[in-house]
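Next up is one chain by itself, shown in structure tokens, the form predicted alone.
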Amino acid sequence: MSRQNINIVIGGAAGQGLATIGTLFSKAMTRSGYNVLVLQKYMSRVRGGHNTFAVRMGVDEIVSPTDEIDILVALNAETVNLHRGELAEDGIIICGDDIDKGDVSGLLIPFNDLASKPLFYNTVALGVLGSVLCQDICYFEQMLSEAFGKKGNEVVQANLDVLRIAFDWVKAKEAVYDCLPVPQYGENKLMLNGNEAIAMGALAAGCNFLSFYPMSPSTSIAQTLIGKGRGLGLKYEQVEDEIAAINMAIGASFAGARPIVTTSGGGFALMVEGVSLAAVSETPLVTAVVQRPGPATGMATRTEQADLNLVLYAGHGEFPRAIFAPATVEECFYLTHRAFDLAEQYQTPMFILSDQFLADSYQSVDVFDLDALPDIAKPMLTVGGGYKRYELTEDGVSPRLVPGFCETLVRGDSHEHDENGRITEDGENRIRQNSKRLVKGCGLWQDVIGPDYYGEKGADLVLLCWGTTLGACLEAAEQVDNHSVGVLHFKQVYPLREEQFMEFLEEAGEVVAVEGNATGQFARFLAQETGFRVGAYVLRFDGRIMTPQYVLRGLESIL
């Protein structure tokens, strides 16, 4: 029987190389034209603990991880014990011949016979997995050559020899699993995770300054920016703490740079005063907040959507902002680019609100269309006489001049100020300047990206979701029997425009909020803004990603 997609889970202890196997395999499959979605689960340890690298792949688009395992690649006995019960009915186990897989079908790999030393065991596993799925060895050869090229031809050739031995060993045995259908599309795809896409979206927007303090799961945004941005003129600084990070970025922006700050919930909590500084000084700033379970240190390598309220209300005083919550790797790229544009247009803080799942989830994506990206707004470099940095304007946006590019004096201030940037406590001026800043929110409101609706209007059930829960909702909607189901997904969670979505909610038979937190933060915010209250919730806050199976189990008591 031919199947359209399969879920492969590679399990073992940290340090056993499962991420190496999984990454090389995923890249090989992407290059051969398959759609791939990776889910990584790992413990916050340098070595040890049980980790998994799941690859769901197929010829059609893959929108969500899944709980059911088709092929379990077990690098240790613990993996078999933990995941045997999650195998599909025809699922198989691939493991070393020293591991007891019970009566489950599969392969016992004689690692000692196929490789001369343990150093090559991961290459053996890669070759066995590729051969079981009837894949062309050339893609795996390319991956190994690229991965070990810097170590010299001898190392590359040794791995290629082991790979060939592993492939041939499987071919000499009776087939244990169905071959995958050959993909129909071309091979022009990228394999990126969400953090890499945020970094590339920033660079595409002209980001040229990064200040950060490392914090999982956001750190790889900074790593990617540094790795890819050096040749583009990016300046970066790993500073002593998050407070320094955001204040340094604000200073860079004031001086004409286009900065980004990257962090996670705990780090962002320290940055909040800086957010207000950017707002009152009307300094463009983009901050990427990658969520993990809190409070405090919480679960550093797990996922959650519990920082919406933190980002929504961060900062003292009142000022406009926009918050984007991408669902996919593509949206990470395009929404980050948009955040930079809006930050410059409206001179106020912008936020990318992602999470650990998207941060570590590799997906195969089409090459980004750079020509379709709009030009990013720019500050002024020269101005005529009578320049007022905080001039009162109809749309609230004052002329922003970069100091040092002309002889005009540019004042900025964290205090309340007049149009010329001079500190003042005059009450009437306070009303004028505060109102001016808030008026910029009207422009942001006009530019809101509306939610996407999937399914027929007036459905029996509408799943309300935001950010990364989209895929699970879409797949679950297809599996609900005897009810029409729609999915309403928000990729921009603030501000909201009622006319873009209220009809989908009001015409639905029942609305269920699906969120990765314990309190339904977005549904409650939506009720605050619109007065509409959802009928029920499916909430997950155990640090694991929302899956279609989890949504369906939650709906059992509702439908």
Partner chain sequence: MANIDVYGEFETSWCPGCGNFSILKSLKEALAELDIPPHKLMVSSGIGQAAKMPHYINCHMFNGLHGRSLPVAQGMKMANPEMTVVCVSGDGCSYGEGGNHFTAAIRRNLDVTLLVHNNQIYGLTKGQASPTTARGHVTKAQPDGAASDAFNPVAVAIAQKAGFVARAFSGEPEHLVGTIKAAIEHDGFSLVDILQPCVSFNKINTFSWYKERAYILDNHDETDWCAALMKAGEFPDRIPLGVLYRKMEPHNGDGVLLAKHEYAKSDLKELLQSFA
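In this text the structure is predicted, and so the values were computed from the model without any measurement. Positions refer to the first chain, counted from 1.
The protein also exists as the form predicted together with its partner chain; that form is not presented, and the subsequent description refers to it.
Proximity of Gly96, Pro110 and Leu133 to its partner chain in the predicted bound form is absent: no residue of the three has a non-hydrogen atom within 4.5 angstroms. Residue contact check for Glu237: one or more of its heavy atoms lie within 4.5 Å of its partner chain in the predicted bound form.
Shown alone here, Asp307 lies farther than 4.5 Å from its partner chain in the predicted bound form, counting heavy atoms only.
In the predicted bound form, its partner chain sits within 4.5 Å of a heavy atom of Glu273.
Interface residue remark: Val182 is not counted as part of the site for its partner chain in the predicted bound form, having no heavy atom within 4.5 Å. Only one of Gly421, Pro214, Gly315, Gly458 comes within 4.5 Å of its partner chain in the predicted bound form through a heavy atom, and that residue is Gly421. Of the candidates Glu344, Glu196, Glu331, Asp360, Glu196 is the one whose heavy atoms come within 4.5 Å of its partner chain in the predicted bound form; the others do not. Shown alone, this chain has one stretch from 83-91, 395-403, 120-128, 479-487 that lies within 4.5 Å of its partner chain in the predicted bound form by heavy atoms: 395-403.
Residues of 397-434 lying near its partner chain in the predicted bound form, listed in sequence order, are Val402, Pro403, Gly404, Phe405, Cys406, Glu407, Thr408, Leu409, Val410, Arg411, Gly412, Asp413, Ser414, His415, Gly421, Arg422, Ile423, the criterion being any heavy atom within 4.5 Å.
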